[in-house]
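Shown next as structure tokens: one chain only, the form predicted on its own.
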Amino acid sequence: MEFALSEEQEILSESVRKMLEDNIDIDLLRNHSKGDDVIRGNIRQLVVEMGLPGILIPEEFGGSGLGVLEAALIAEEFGRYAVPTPWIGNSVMAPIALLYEKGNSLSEKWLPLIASGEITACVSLTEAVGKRSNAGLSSKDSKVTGTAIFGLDGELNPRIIITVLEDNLILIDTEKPGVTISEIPTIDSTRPVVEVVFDSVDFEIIPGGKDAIQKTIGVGRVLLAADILGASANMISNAVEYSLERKQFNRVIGSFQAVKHMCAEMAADLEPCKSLLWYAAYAQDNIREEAALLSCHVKAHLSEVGQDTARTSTQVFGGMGFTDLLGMHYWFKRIGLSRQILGGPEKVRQEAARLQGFLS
């Protein structure tokens, strides 16, 4: 058995990388960070033209019908280029939630619209990861009230919100009265998160209960890990390139043993993460009994490796590494936010221990 990507998967990854290389650069990220909404729309259109919003959606609903592994390969490239457009929530977590139980009316209604790019979906599952006391959502008379925070992909006027109410995923149409969406400032300007306030709003329950919640969160964690992998690989690549150009004492700094060791250790730590990510992503579709545990492991491990890589690669740049002139902070901050979304390393390791029976 060959444990490697197929030719089709490699072509998909290379095609997405080429598209992003041609359209994303540091100047675009700078302008985006200043609030240029035109950039958001333009990048979104490129993603739609490649058919990426429908990557997980079955062909009968206008998608490609591919798997979580293919989605993870795309997420890795999005992390590599710090792509400022909806992806993990809209194109991955929302379809996973809607497809958990086949044949439901919600999937038939909304999946074709997501696949075509006609609408975006915002996903906010923070309450299922770490419930806040005296907060979250409540229902009365079949209407939902409360606040959902850290919603993914809510920056482009999402048509639907998927969030959690008690032990169920619920879907809210934002055209219903009583929905207010606002961006939450975070360290990462490339990937906004939103707060959604509901004031007695109609909702629909997505079939699947607790299992659908766990599946959606697990896949989201795998995709965040893939994003961290791509961002970390970019930081290493740029650090190595800089070390071969920057001179001190009439020598490139890459010739100094200390810098060589820093770069080599980053590469050695990151390379094995690829196989862990591929296996975790594959398990989401094919090894159900291992899927939840592997999503915890890959999220926790890459969060730690990504943090170390971001810090060490910035050190290679010296004082320049913290300036906007080089722009490495976009990836540094993206890794930092990805580390915390859907649970930081301590939280997901605790979940992994519970899944294995080590905690009650």
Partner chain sequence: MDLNAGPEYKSFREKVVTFLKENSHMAGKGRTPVRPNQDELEWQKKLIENGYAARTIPSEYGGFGAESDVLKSRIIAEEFSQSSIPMGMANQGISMLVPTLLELGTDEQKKSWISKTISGEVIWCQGYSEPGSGSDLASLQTKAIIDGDDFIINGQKIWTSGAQISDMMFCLVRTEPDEPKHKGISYLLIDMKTPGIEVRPLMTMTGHAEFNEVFFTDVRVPKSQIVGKRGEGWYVANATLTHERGMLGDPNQSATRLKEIIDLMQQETVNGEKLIDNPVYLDRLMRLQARVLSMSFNSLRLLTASHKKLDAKMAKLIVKLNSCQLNQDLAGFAIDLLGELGTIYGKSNHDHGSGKWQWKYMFDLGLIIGGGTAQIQKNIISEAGLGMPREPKPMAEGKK
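Since this is a predicted model, take the numbers as computed values, not measurements. Positions refer to the first chain, counted from 1.
There is another form of the same protein, the form predicted in complex with its partner chain; it is not shown, and what comes next is about it.
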Since exactly one of E265, E101, E204, D199 fits, which has a heavy atom within 4.5 Å of its partner chain in the model of the complex?
-> E265
Let me know the one among S255, T186, Q248, S138 whose heavy atoms come within 4.5 Å of its partner chain in the model of the complex, would you?
-> S255
So, in the model of the complex, is S13 in contact with its partner chain at a 4.5 angstroms heavy atom limit?
-> no
State yes or no: in the model of the complex, is some non-hydrogen atom of F150 no more than 4.5 angstroms from a non-hydrogen atom of its partner chain?
-> no
Its partner chain contact in the model of the complex: G178, any heavy atom under 4.5 Å | no
Does the 4.5 Å heavy atom contact test between E346 and its partner chain in the model of the complex come out positive?
-> yes
Per contact check vs its partner chain in the model of the complex (non-hydrogen atom within 4.5 angstroms), the hit among 107-115, 160-168, 235-243, 124-132 is 235-243
Output the sequence-ordered list of residues from 299-315 with at least one heavy atom within 4.5 Å of its partner chain in the model of the complex.
-> H301, E304
